[in-house]
Every structure is written in structure tokens, then in C-alpha cells.
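A single chain, nothing else alongside it, follows as C-alpha cells in the form predicted alone.
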Amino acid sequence: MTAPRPLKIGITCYPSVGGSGILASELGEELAQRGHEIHFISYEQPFRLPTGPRVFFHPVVVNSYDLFKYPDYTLPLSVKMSEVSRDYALDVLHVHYAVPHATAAFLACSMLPANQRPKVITTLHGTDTTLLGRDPGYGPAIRHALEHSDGITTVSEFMRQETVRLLGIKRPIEVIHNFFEPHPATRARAEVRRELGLADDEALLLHLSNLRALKRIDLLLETVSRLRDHARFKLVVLAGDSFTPFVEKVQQLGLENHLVVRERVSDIENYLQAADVGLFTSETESFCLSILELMSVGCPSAAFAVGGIPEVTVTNETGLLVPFGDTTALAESIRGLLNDPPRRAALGTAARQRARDHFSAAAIIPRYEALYRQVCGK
């Protein structure tokens, strides 16, 4: 039986540090390794854009005309999507995040003859539904773009239900969870911990995020402040944006000697394997890729049980979850893990196995490939 031909796939995402951009970049890398031709289309190179054969980047030029109060991205993006689709005969445009990518894809396809139009897959990652979907200035446009997509996916069942509830989408929405495939660490665990200033008897609590408001860094700092007098630790924050807005809070809580911040880190595996416990205090999460990243190296996390997080980690089996806002319970959970290394190790072992079984590239990539071929009729 003849193997199906490789596909030509355009991927558009936000290139900044965030789960949607990271997932899109990792997806492109995995698809290219499987023989597909991948074309990234965005205003700048994605944060973790893979390099190698069959991976291309097409920048979108955004001009600042005096005519506009704010620079417009949607129209230049749609033009570039149309050009790349035409010039490279794309089979699929896979857009991550509905605003403005799904709308731009719809416009791009309308510029092309019917026989040159790629199929459009829209993946919803979070606030494009839960925040902008509620906004009367965005909701109708998001709904229109989704209704004209050839396929819709979300990264969790929580997100699927929220999309149906907030936007009233009647079409099928497929849940394809995020995945993570860790690269080998390039530095030893002990070396990384020394570089971060940790003593041999200090625990490393790790937080990774873009520091947006929903990540609730205020609650993160309040939680670790409750540990300050009862455990030896450092909180290491791998920040996708400037940590400056939170410095005053750190000083108020007296955490200066317990905090290490690294901004825009790309070699995250070095830090993942150096961690003892992950810590997350989000108000809501569509999935929480950072928890999965830690699970993949056998590190359990403590977090609030919000959004899609309970779909990723199972409390008391692969991590610990407490009700949102209960920083006392969260601190107690972390203290318990730090004081019980065998239990921490058992949770970590189960976390690694769950990551492999449910959220690895081997488990997830074939589902995207099957969806692409389904909508293409191939």
C-alpha cells in the first residue's frame, strides 16, 4: 500500500513566550521530522522555532501608518498567508489562537481561487475564548471565523465546553491535548543549581509562565511567603516577560533571598531537571503546559485546581491540587512534599509515566495528522 504523501502545512501563532506559541513551534518540529513541509507565518520568528530541513519562516511586515491610531496586523497577515498558500501550494493553514489568526486565514482563503485554497484548522488555547469570546467587540468575529474553519480543536475538554458555552459553536470541536517532548539537558543538575545559588540542602521550587495577569503572580509570592520560616528553598521563576512589576511585592514579603528570576529562557530542560517541585497559582488555565513540561522529567507540581489543570495532573497521583486562592493549603502541600522525599519521588515517577502515555508526541502528533488528512479528504 502506498504511503500518503507528506503535507504542506502553514502554521501561524503568537511568537511570544506562551503556551500557544510553544505548542505550535514544537508541533511544527515534530511534523517536519515526520516528513511534512512546515511554513511558519508570523510578525517575528517564534520563540522556540525549530531549525532544520522542511521548516521555513515567512515574516509579516507590519507598517505604522499615520492614518491608523494603532498598527494593523490582521490584513498584512492575511495577505502573507494568501501569498505563502499560493506560492507553496499549502494543503493546510493551522492557526493557533483565534484572534486574529482565524479571521486572517478566512480572508486569505477568500483571496485565492477555489483550487488554491488550503483547509483551515483553528486551535483554541485559552483567552481567545474565555476572555475575548465574552467581548461583544470580538465574540461575533471569533464565532464567524470558527464557523468557517474546516476543523476546530481545543487543548482541553474544559476549553471545548467553554467554547460551546460562550460562543454557541454548533460544529464538532475535537479535543487534542497539548504535548511535550523534552530535549536532553545540556548541563548537569548540580551545575544548574550552583548557578542559581542553591545550597545543597535547599529545595528548588520552579515556576514557568509569561507572567500575565491570569497567572496570579501575587498569589505565587504569597504562597512561598508562607514557606519562608518553615523550609529552606529558592523560588526560581522562568519569566516570559519582565518581572519588574512584581519587585515591590517581593520586597514587601521579604522574599529577596528566596527568589531567582531568569527571563526568556530557551534551554528550559536544564532548569526542569534541576527542580524539586513545580508551583502554579493561575486563576484559570486552558491546560498548563508548564506542569506537563515538569511531569515529563519526573517532577510533580502543586497548583490550584482550575480550568484544564485537572486533565493534566491527577491530585495525589501525579501532583497536588487545592481549591483556587487557598494559598495556605497550597503552601502546606508543598511543605509536605519537601519533607517527604519518597512521596515526592513516587509522584514524580507517576507524573513521567502519565506524560509519556497521554501527552507525548507519539500520542498526540498522529491525531493532528489524521485531522489534516480528514479535512483535506486524503
Ligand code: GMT
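This is a predicted model, so every value here is computed, not measured. In case it trips you up, residue 1 is the first one in the sequence shown, and so on.
This next part talks about the form predicted together with this ligand, which is not shown.
In the model of the complex, this ligand sits beyond 4.5 Å of every heavy atom of residue 94. Not displayed here, this ligand is approached by residue 214 to within 4.5 Å at the level of heavy atoms in the model of the complex. Residue contact with this ligand in the model of the complex: residue 293 places no heavy atom within 4.5 Å of it.
Within 4.5 Å of any heavy atom of this ligand in the model of the complex lies no heavy atom of residue 102. A heavy atom within 4.5 Å of this ligand in the model of the complex is found for one listed residue only; from 106, 180, 304, 287, this is 287.
Across the options 263-271, 83-91, 161-169, 120-128, residues that bring heavy atoms within 4.5 Å of this ligand in the model of the complex belong to 120-128. Using a 4.5 Å cut-off on any heavy atom, the one residue of 143-167 that reaches this ligand in the model of the complex is 155.
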